[in-house]
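Coming up is one lone chain in structure tokens, specifically the form predicted on its own.
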Amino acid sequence: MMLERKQRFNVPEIRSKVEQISTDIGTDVFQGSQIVAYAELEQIYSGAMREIGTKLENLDDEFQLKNRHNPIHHMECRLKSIDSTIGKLRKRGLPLTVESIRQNLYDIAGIRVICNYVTDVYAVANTLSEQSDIEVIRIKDYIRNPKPNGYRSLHVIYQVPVFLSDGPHPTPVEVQFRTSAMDYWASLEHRLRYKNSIEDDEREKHYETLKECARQLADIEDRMQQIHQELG
């Protein structure tokens, strides 16, 4: 298991991207010191991802030692791109400033945790939530309450302190917990949603099929989990 990481704190690159976005949307964004502040903010969010990622790796090791079972299959992480971030601010009618990002957006840093079984999802999420230096900001449980299209996942926003030279920076990280089956279902649904070359009636037919697949996968996962538990 490995947490994939990507460092992106090059101020000239960020400035170039901001200038391109400004041209595209016809308005100025992140001027002067705001660009440096955005790079610093990315560094903090990346640090928060590392903090949460290390905690998850330690928990996985502990579960293996105590239970001879690794609950986490693998993890992926990402920082929301600057154009996606600005797009979200504009969509919500929020100021295009670094402070607005800090105050209003909780999904800049994200980790996807792919587990083997549904019980693993809740075991890892609950144990992480109990750690003394972590604060749970929000929980959306789409496993017990799937979305109408069949999407299932557990979304938790954790806040963790990132310690820099000027002290701690409490920083949110969105963690999506799901099983392997939930993950490949979500990947296919995402591909269908953004497939522009498909006719509407064909798209709707595939959506209906995916809903049924989600129901069947949930049933299969329950049965396989039962076998796993009976095997000890």
Ligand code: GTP
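Don't overthink the numbering: it's just position in the shown sequence, from 1. Fair warning: this is a prediction, and the values are worked out from it, not measured in the lab.
The next section is about a form of this same protein that is not shown, the form predicted together with ligand GTP.
Novice: Which of 68 to 76, 141 to 149, 93 to 101, 123 to 131 has heavy atoms within 4.5 Å of ligand GTP in the predicted bound form?
Specialist: Looking at the partner contacts, the answer comes out as 141 to 149.
Novice: Tell me, yes or no, whether K195 is in contact with ligand GTP in the predicted bound form, where a contact means a heavy atom of each within 4.5 Å.
Specialist: No, no contact at 4.5 Å.
Novice: Would A186 count as touching ligand GTP in the predicted bound form under a 4.5 Å heavy atom rule?
Specialist: Output for A186 is yes: heavy atoms within 4.5 Å of ligand GTP.
Novice: Does any part of D107 reach within 4.5 Å of ligand GTP in the predicted bound form? Heavy atoms only, please.
Specialist: D107: contacts ligand GTP in the predicted bound form.
Novice: Hey, in the predicted bound form, does Q176 get a heavy atom within 4.5 angstroms of ligand GTP?
Specialist: Because a heavy atom of Q176 falls inside 4.5 Å of ligand GTP in the predicted bound form, the answer is yes.
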